[in-house]
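For this one, two forms of the same chain are given in structure tokens, first as structure 1 and then as structure 2.
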Structure 1
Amino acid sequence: MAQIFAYITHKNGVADDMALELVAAANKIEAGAKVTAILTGSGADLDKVCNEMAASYSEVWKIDNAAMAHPNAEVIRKALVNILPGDAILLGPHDTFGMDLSPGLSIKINSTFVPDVVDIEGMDGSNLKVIRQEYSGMATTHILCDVSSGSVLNVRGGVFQADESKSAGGQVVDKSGDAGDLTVGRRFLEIVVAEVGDVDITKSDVLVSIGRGIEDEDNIEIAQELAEAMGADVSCSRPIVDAKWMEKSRQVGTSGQTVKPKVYLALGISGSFQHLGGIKGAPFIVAINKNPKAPIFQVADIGIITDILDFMPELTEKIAG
């Protein structure tokens, strides 16, 4: 069996929520597998998160280099090529950074690449059986992935239940000296912090989120009335921002804000991976959509098939009651 690795992203000494989800994903490849986490960066924050990850991974490989002080997929890709064994199965996040890193990495190490993995069915000989989605989740694809010469898999956030056991008792191994020359053409310039609007949805415990099903800008007021009754804030999917009906700071998704509410009410949202990628922390998701095949129903705790324009006023009335 090939060795399984997980690339862990982190910020300010805190690992991304995907870190513990990748442990669960690895165990779908092989139950009880010994999984090695790989973390890159520089300084005390890197040391802090590496030590924390040792509780969940059997081994943690640390690459500390000033060139990695800020995430740079070109630099990290070069380091991974130098340290990964030839038959490694590498799990990573399916987000904007993962899609920058992984396709080129798979080419460099001559391995298979599967993006947006939503489930893993285990090994079948030298093939790994994985499931991904096509056409914004309207079709499911079952793939036999030849991992005899390694594989790179980008895993969708939120589809695997995070492994909170933290019983691995692993050790941190410094691989900085094995990373080789990390000189690349791409260089870090600056961090541009997104403007926060009148409401910071990243701090909201309850979100009433609207999508294309709202149909008209005037109908946003109905969602706002519901949010007020629930003590929630209103957020949205990308089509609402593209139509200029709400400001960018209200958008949830990989190209918008990353939110961690306790309750997420998805109204007329289809549930593309770009939108779901912005929802972290395993909230209680209630999805209302008149399309019974909407992908949002696959991740929702409660799904209701109806027109949101009929549903919202009735729920507001019941809550205000």
Structure 2
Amino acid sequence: MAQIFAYITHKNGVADDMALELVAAANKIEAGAKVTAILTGSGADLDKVCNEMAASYSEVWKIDNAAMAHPNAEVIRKALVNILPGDAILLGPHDTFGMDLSPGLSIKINSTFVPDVVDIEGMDGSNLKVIRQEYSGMATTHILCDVSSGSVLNVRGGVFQADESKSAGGQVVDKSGDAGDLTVGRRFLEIVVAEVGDVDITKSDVLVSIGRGIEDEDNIEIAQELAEAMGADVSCSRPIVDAKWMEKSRQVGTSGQTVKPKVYLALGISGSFQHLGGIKGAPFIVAINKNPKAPIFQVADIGIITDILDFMPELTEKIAG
């Protein structure tokens, strides 16, 4: 069996939640596998995370280089090409960094690539059998991926139960010297932090959240009236922001806000994993959608199959009395 690696992202000396989920994912490829974590970065923060990761990984490869102080995937890809063995199976996160790094990495090391893995069934000859979703979660598939000359697998966050055992007793190995030439054609400039909006939806107890099912900008008023009657705030899914119908600060999801309400009303929202990734703290979720197959119904507590444009005014009227 090929050696299994996990690329760990981290910020300010703290590993991403995925760090321990990837241990669990690796164990689904090979039970009891000795997994090597790879961390890139620079300075004391990097040392701190590497030392922590040694509890969960049998080996931790550290690549310390000033050019990696910010995680520029172009730079990191070059380093990984130089240090990974030919048949390596590398697990990474299916997030904005993994999407940037991994497809190109798989080409450069002549391996296979599977994005957004939601489950792993195990080896089947020289293939690894994994599960993916298509059409925003409306269809699920089995994928066979040839791993005989290595593979890069990007794993969806939150689908594997984090392995908290911390019993690997691993050691940190400094691989900085093997990274090679790191000059690339893309240079990091700065991070522009998201603007703060008029309402801070991360503090709201009750959210009336609208998605593409609202159909028209003029209909947003109907949701606002409902929110007002309920004493709630209005939030939304990404297409509403893309259409410039609401402020970015109202967007719930991985590329928007992380909210922790008590009650979340999802109106005309299909339930993509990027949207659900922004809902924390296990709120009571009510999904209202006209498509009975919408994935949102799998995560909601209460579901109603109806047209939100008809339903919202009825609900508002009854609540307002």
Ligand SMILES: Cc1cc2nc3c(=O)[nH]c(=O)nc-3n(C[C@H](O)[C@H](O)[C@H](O)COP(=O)(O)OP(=O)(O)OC[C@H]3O[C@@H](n4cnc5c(N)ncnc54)[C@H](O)[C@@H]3O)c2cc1C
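Just so we're clear, the structure is a prediction, and the values are computed from it rather than from any experiment. Just so we're on the same page, residue numbers count up from 1 along structure 1's sequence. If you superpose the two forms and keep the largest set of C-alpha atoms that fall within 1.5 Å, you have the rigid core.
Chain form predicted on its own, by structure number: The chain shown as structure 1 is the form predicted on its own.
Core-superposed comparison between the two structures, residue 233 Cα displacement 2 Å or beyond: After core superposition, the displacement of the residue 233 C-alpha between the two structures reaches the 2 Å mark, so yes.
Threshold 2 Å Cα movement between the two structures for residue 299, core superposed: Indeed, residue 299 is displaced by 2 Å or more.
Residue 107: Cα shift of 2 Å or greater between the two structures (core-aligned): No, shifts by less than 2 Å.
Angstrom shift of the Cα atom of residue 310 between the two structures (superposition on rigid core): C-alpha shift for residue 310: 11.3 Å.
Value in Å for the CA shift of residue 247 between the two structures, taken after the core is superposed: Looking at the C-alpha of residue 247 between the two structures, the offset is 3.4 Å.
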